[in-house]
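Given next are two forms of a protein chain, the same chain in both, each as structure tokens and marked structure 1 or structure 2.
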Structure 1
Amino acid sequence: MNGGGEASGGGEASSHRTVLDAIHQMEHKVLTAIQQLEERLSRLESSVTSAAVSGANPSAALSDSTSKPPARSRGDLVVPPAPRPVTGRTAGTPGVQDGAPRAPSAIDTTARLMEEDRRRAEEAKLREEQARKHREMEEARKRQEQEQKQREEEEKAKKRALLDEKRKALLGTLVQDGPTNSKPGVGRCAPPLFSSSVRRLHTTPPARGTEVYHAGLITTEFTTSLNISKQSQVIPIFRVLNYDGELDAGWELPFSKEEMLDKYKFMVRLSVWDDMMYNIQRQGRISFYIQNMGEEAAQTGSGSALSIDDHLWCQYRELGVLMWRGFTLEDALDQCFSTKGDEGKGRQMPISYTKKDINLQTISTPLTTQVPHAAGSGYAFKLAGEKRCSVAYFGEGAASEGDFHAALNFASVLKSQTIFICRNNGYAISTPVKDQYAGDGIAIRGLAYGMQTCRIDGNDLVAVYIATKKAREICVNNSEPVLLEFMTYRMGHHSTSDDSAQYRPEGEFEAWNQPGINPIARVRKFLVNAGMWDADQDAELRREAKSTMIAEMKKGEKKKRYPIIPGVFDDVYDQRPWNLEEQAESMQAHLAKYPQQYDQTQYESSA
């Protein structure tokens, strides 16, 4: 691992070699210093862990640990925490603050945790020292470089840049390669995923100059030009299927043409059913509905790129995502009609879908609350070593809530297996995006949180699919979160309680409904171009979708509701406490006394 710089520097001028030699010397010193620190560390460890552990050969560990990078310690990390209160059967375990060796038999889980804490704190302290040593070495190196610079007038800037590169690469190897937790018997073998997160924290400090090292920055760079600015990099919109329904040069369909046709049919059915649901609300047959019109490609493309093992944390305008993974029209109608077929037992408003066996977590109307859940569950998947992720869907309006920011930051810092999908559809009820944020969309926030990020044409089925597929790969394989921003347009009202004519500028809908821009029509263009589809087939598909819906509605409307008791009182807790028992009884008595006042015919009887 020491050879990298040398090998590639072999053909350079001898002056370079001098510098490289100096660097190697320096490196040697650094490594020796680290070795000494490691020795201290391991002595410390053996004093606080069991006799068996203290018997382990410390030098065996040392040879591995020399490559450990300096820790990016922050002040608050180096204070050793007070030992946790010991409870239960461990109460008699003596504290280990004095560092004296203890009998191995006395160490059980709780005590080990305590020691882990202590050890980590000590380790952090030592690492900080290591880091300081590193910095000193870097300073020394810098001085040498400057001497060198005086001797070598020619091309000094160019060469130094070159050497800098190599040195960084070298230190990079030191950082990346170090097996951090390979000591036998110490009981600190973290799962592999842990070590990857540890490694990230140990990112090489920028090894430039004599300046202090700013632990909270990705790059430490100084400038003498004052520049207060709100400029950010342009985040382009990834699009591969153009407005003529043609794939842009360099791109092929990521699936077969037949699959493209399947997805098209799916989107058409979705849009037909969505429209009919809206209409049955208008007729008063359901109490509320939220349309998906305009976002069919974003839903279908992303939904079909996920795995059914992935958990969905939706907002409410994602029916296509659910349906792709097996949420049926019957399921949707059961929920909207509040029949006993609704797993949520009719307790929530229409569109608040839930279904366990397709890993759909319950839709909850308080906005953005599900987004941190997705960060947490994605972290749990990582800990369990599972090849699945959590997916949070939310609108650009919801992204203004504090929960959004907390979720992204948590997921990014803790490396959750979570995909955050923002549907940027131009509106939050009546509020246009210009009243929602002044920055460059939502994607820019992903970058700010150090997260893999992509902005996509949400009306391009193919681009959405490709990007989501890739995002999932990154998320699950690298164990890190990804933010996707789908640029799309809410073509319907916010909900059936809204009239968008009150605030939607004239012509806007029409612009988004042009055949190349409308997400369904764009795919139809592709299929027609490919000779796979025509107007008759299209009309037939729509007819079929309608009649399916009519049949399902008839079925759904006949179904009864979940019984009143236990419907009202179950599931508040896993078991009913006394107050709910009493209240259930009192309600039953009341309903019996006033049968005329409470229509119970729609409900299944509790017997």
Structure 2
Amino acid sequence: MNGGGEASGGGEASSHRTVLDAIHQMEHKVLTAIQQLEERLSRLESSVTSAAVSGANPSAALSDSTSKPPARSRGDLVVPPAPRPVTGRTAGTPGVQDGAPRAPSAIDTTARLMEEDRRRAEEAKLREEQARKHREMEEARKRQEQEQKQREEEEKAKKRALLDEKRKALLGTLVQDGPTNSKPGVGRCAPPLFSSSVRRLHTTPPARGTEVYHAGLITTEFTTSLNISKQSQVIPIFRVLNYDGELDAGWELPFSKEEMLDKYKFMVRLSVWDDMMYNIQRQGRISFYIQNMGEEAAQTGSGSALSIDDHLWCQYRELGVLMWRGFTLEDALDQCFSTKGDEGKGRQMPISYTKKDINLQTISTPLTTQVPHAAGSGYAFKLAGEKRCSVAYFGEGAASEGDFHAALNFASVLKSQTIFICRNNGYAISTPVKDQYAGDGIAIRGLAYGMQTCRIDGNDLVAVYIATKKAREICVNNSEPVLLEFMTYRMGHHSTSDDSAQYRPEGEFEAWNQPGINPIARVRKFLVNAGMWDADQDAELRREAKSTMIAEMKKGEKKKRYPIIPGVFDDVYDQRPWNLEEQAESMQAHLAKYPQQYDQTQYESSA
């Protein structure tokens, strides 16, 4: 009985091995020849299903389905089966190898393969859909770029057309037959665009063989002679009152002799007060001062020729300009003493004057910052159609700063109503002019920027007045800037922090202080020649000026300073924000808590 059982078990094992070999063969073929999978799966599914329904041996159905392989095309790949040997059996489980999992049935394998095929098909479809969307997005992006580029090209074309129309409207046809120059090496040239300093536009049609006007040039002239040069036109120094105190031939005073006397008295008082301000700094009563000595005529002449409506943008050596307009000695002392009478509330260093009523913009000690401001202010007056101008005062040292060049170019191109007044006094602190520039002074720069320009004897009160008056007339009526260069001399130190004896050549001061060259002495000569002045009157004027200064100084030193808390926290914003209010309250409490540590007697109470 046992022998029969073993025989029966051997038959079943043989049958199962046949089935497993067929399954392995099918699976191997499917995996290695995926292109034949659909046809083979269809046949295999049909055979296995029929065998299961009829109860026939699956191995027989499988053998039938595999005994007749489908017709193969020339390109089919034929892979021989790879039988897997069975080395042992598990008791009670015929045909299963020792320790191996149960082999899947043909139906399970078919279902798995169909599911994998479906998944691959879905993945392929998804990839195709993504690729399609990517292509559509890329095509849309390219279309947008092309449309944008086309729009930009159209916009550029419109702008070019508009500029061409404007250029034609403004310039007309800026070419015509030019005269044949008789100079050797000079051929046919276009006529000058400027005539008598007036720009004229030529509108005659161009003729054949004419030269074309070059934008940016005043005159277009061609030559066959090579000429590299640094020579420029001579800019003379305008002078009316000579060294003997006499008016040069052809000139009369632009004001009455009585007005000349008033201007002289003003210059003397300015000189006395200026010297005393220097001395009180040396006594430690103020911290800093800059003198005006030697430039009284330049300040008085230009200041008296301007209108009170004009806005002043000064540097720091123009006290006479300010006082002529109504800036009093009391105002000057209040600022230098930092008292409550100073409109700047004592916050600025001495000589940083300010006064709204006389249109004086607050003086800023950093060099040249006021010059571009003046150019912008004058441009605003032009745009508003106002008959006033902006006036910038500066020294030749400031003209070495970049702000100077930017301001002049701005004003010249935009026709700003600005007068630029340069006090060429020979020194930028301790640097003489020979070490500052190699060109022909400052006036030549005005011409280079296409600006109306004049060079004046800055020690000639009359010439300064006439030139400034004319410059203002041109500036306001023609709406264009003017540059004036006053040739003068700084007779004092740069400031109380300077000692000019360390760098001033021997004999230079004495040469500029001669009676005919010194600005005050030159006017005095005129008055003496006219029988309007003598030495006694001059001495009395100086005593009176000194007494006035002493009295004002005594009053000024008794004035209290602006209250501490408002002085620190006001004018940062229009209204104090909460954080500044907190800080102000904290500081007030601190001062109240430690009064013995802080001397507040010099300050006005803020209560």
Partner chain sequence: MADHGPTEKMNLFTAVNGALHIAMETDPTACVFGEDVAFGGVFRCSIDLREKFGPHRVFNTPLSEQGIAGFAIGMAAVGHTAIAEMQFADYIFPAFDQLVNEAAKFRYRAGGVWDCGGLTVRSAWGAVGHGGHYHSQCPEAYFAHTPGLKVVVPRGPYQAKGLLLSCIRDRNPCVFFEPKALYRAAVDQVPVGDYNLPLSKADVVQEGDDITCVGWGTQVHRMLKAAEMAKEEGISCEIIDLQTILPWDVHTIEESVKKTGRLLVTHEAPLTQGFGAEIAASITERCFFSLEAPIKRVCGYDVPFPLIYEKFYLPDEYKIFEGIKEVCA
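Rigid core (definition): largest C-alpha set, two forms, superposition within 1.5 Å. Please read all numbers here as calculations on a predicted model, not as lab measurements. Numbering runs along the sequence of structure 1, starting at 1.
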Between 1 and 2, where do we have the form predicted alone?
-> 2
Comparing between the two structures on the rigid core: C-alpha of Lys559 shifted by 2 Å or more?
-> no
Would you say Leu541 moves its Cα by 2 Å or more between the two structures, aligning on the core?
-> no
Once you line up the core, how about Gln144: does its CA shift reach 2 Å between the two structures?
-> yes
Quick one: how many Å does the C-alpha of Asp599 shift between the two structures once the rigid core is superposed?
-> 2.4
